[in-house]
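First comes one chain, alone, set out as structure tokens in the form predicted on its own.
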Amino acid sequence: MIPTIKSKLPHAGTNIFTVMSSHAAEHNAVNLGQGFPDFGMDPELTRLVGAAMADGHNQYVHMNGLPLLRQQLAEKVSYLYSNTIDPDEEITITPGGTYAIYSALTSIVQKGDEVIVFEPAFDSYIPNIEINGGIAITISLTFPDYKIDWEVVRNKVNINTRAIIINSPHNPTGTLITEDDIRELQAIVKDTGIFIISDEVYEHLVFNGREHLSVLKYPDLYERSFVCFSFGKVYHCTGWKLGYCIVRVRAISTAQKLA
């Protein structure tokens, strides 16, 4: 008898990025399906990485990630978002931004928990929720501005709601969370046990004088948030798979064990 594999995600098909990237390669087309650049990295970065490897920096580091790197990230957060965070307790380096999101979800989601997801959405959200026994509650962003209808969110929130995933700047529409959105979110989660997963991997891709409103700027939101970032998106090295998660809640201990 030949053993069989029973999928834990029977409804998940082939990754759409795989399909679109294959089509783009086949037809020599511009690939708009996946978030990676079509230009080279800064030569200074590759030079510095090569020098570090030649100097022997190739072995395991602290479970949370290289201490000096976490210290630099804490300084960045202080400068950009006026938030003083502890680099030893609140930052975990992860194998890419996607894994930062997965670590956040697997830290908090139990069987039957509901997680609100706004669609269109990055395609890893729902499988990550379902693989942990959770239920994705999808809410469509309103056309044509792809805004969040907070009244719909209020109607969807219930005793089983474990988390709300927000993504700004948004993939794939490019929309930004506004101050009005922040106030609505604050009101909805106040006095609840709801976590926020904030996907901010495109934090620096903001133009026309607009501002990225990170949840790190809002103490009441940060206290219940997992804030996820990607080095690959910032430094054009998506294949290196480097990201990080910033979180103050006690669930960080679980996230670090999984990183």
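We number the residues from 1 along the sequence you see. Model, not experiment: these values are computed from the prediction.
The same protein also has a form predicted together with a small molecule, omitted here; what follows describes it.
Trainee: Tell me which of 40-48, 211-219, 54-62, 193-201 has residues with heavy atoms within 4.5 angstroms of the small molecule in the predicted bound form?
Mentor: Selected range: 193-201.
Trainee: Between Asn128, Thr161, Asn83, Thr98, only one gets a heavy atom within 4.5 angstroms of the small molecule in the predicted bound form; which residue is that?
Mentor: Result of the distance check: Thr98.
Trainee: Which one, Asn171, Thr106, Thr138, Thr178, lies within 4.5 Å of the small molecule in the predicted bound form by heavy atoms?
Mentor: Of the listed residues, the single hit is Asn171.
Trainee: If we define contact as a non-hydrogen atom of the residue within 4.5 angstroms of the partner, is Lys233 a contact of the small molecule in the predicted bound form?
Mentor: So Lys233 counts as contacting the small molecule.
Trainee: I'd like to know whether Thr92 contacts the small molecule in the predicted bound form, with contact meaning heavy atoms within 4.5 angstroms.
Mentor: No - in the predicted bound form, heavy atoms of Thr92 and the small molecule never come within 4.5 Å of each other.
Trainee: Would Phe122 count as a contact of the small molecule in the predicted bound form, using a 4.5 angstroms cut-off between non-hydrogen atoms?
Mentor: Looking in the predicted bound form, residue contacts with the small molecule include Phe122, since a heavy atom lies within 4.5 Å.
Trainee: How about Arg248: is it within 4.5 Å of the small molecule in the predicted bound form, going by heavy atoms?
Mentor: No, Arg248 is distant from the partner.
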